[in-house]
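Take a look at this single chain, the form predicted on its own, given in structure tokens.
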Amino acid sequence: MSSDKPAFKYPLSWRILDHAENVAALWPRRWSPLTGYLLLLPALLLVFVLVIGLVYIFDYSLHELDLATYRLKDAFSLVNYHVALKSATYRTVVLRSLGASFIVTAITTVLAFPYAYVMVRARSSGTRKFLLISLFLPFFIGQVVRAYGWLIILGKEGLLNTLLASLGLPPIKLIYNYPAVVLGLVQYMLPFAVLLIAPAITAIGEEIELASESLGANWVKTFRHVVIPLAKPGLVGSAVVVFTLTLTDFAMPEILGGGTTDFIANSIYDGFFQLSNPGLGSALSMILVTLGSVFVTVLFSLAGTGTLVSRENVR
């Protein structure tokens, strides 16, 4: 007896996975220990390309600009580093960049941790979704657009000064200064920090907090002695990302600083394209790379590289 039911067909996604499995079966078993390294190959190639670029930049930094021909001299020298380190202007730029990086990292961490905690621990799924969507919305707006948004809010004819004028108060200069740059960077870095801290909090079982409270610790002591130490991987990762992104930022100092609060990235741009001195720009680039590397090294030395792995927390 024939059936009128149509023949069952596998979904397209299942068929694709079957074909992928057949292709993977062609990989010799004796080479299976190399599978992980093969998957790492694209990332390693990208790192290799970046290293080549750094080698060229380091080479350019060791050649002085010939003002007669505006080409780099063939002889090796440390003139560019001498100019970068002895110049009061560049010293100010470096200190300004480092200061902003520490300030933005501290403020962002303080703001991001409770946001991430509430987003993870909220009982209502609607609250969690709202906080998550609010977190991702800034990613749909470019950094430059966000910086110009702050100009609309903080400008001389912006929303805040308009409000002050309506109250009979004089206008306040809120842009083209250091605090404006810091404010813009904190707003820009906050989503990155939350996304790095949230998985570390998720890995902390709620039963651990309940156990702490059952032993007599109040919520403050539990948060201080249990939650924060166990969330250390997220805090360390957040500090590294926020610090390095702030240290290398270009748009916020350029737009909100108005040319008066340049960071190292702005000076590098000026060295290459305004002064037409690739040697000096390369020297500043190497100083920037060195500062970022030193910070990461010191942080990992104090916190330990194992803090980036939350395996102990899961256990």
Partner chain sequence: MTGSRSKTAVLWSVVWFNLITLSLPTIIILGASFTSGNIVQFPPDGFSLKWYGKLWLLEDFKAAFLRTVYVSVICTLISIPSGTLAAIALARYRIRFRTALQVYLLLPFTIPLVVSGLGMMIIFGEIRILGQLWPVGVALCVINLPFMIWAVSATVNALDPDLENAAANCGAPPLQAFLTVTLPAVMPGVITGALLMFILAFNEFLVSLFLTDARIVTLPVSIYNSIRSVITPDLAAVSVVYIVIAFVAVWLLDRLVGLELFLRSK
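Positions refer to the first chain, counted from 1. Here, rigid core means the biggest group of C-alpha atoms that superpose within 1.5 Å across both forms. In this text, all values refer to a predicted model and were calculated from it rather than measured experimentally.
Same protein, other form: the form predicted together with the partner chain, not shown, and the subject of what follows.
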Can you pick the one in L95, L167, I141, A75 that has a heavy atom within 4.5 Å of the partner chain in the model of the complex? I141
Going by heavy atom distances of 4.5 angstroms or less, which of R121, R71, K221, R91 would be at the interface with the partner chain in the model of the complex? R121
Taking a heavy atom within 4.5 Å as contact, would all three of Y81, L235 and L275 count as contacting the partner chain in the model of the complex? no
In the model of the complex, does A203 come within 4.5 Å of the partner chain, counting heavy atoms only? yes
Heavy atom of A180 within 4.5 Å of the partner chain in the model of the complex: no
Examine W31 and determine whether its closest non-hydrogen atom to the partner chain in the model of the complex is within 4.5 angstroms. no
Should L46 be counted as a contact of the partner chain in the model of the complex, where contact means heavy atoms within 4.5 Å? yes
Counting only heavy atoms, which residues in 37 to 53 are within 4.5 Å of the partner chain in the model of the complex? Y37, L39, L40, P42, A43, L44, L46, V47, F48, V49, L50, V51, I52, G53
My question is whether L38 is one of the residues whose C-alpha shifts by 2 Å or more between the shown form and the other one, given a fit on the rigid core. yes
Would the C-alpha of L67 be classed as shifted by 2 Å or more between the shown form and the other one after rigid-core alignment? no
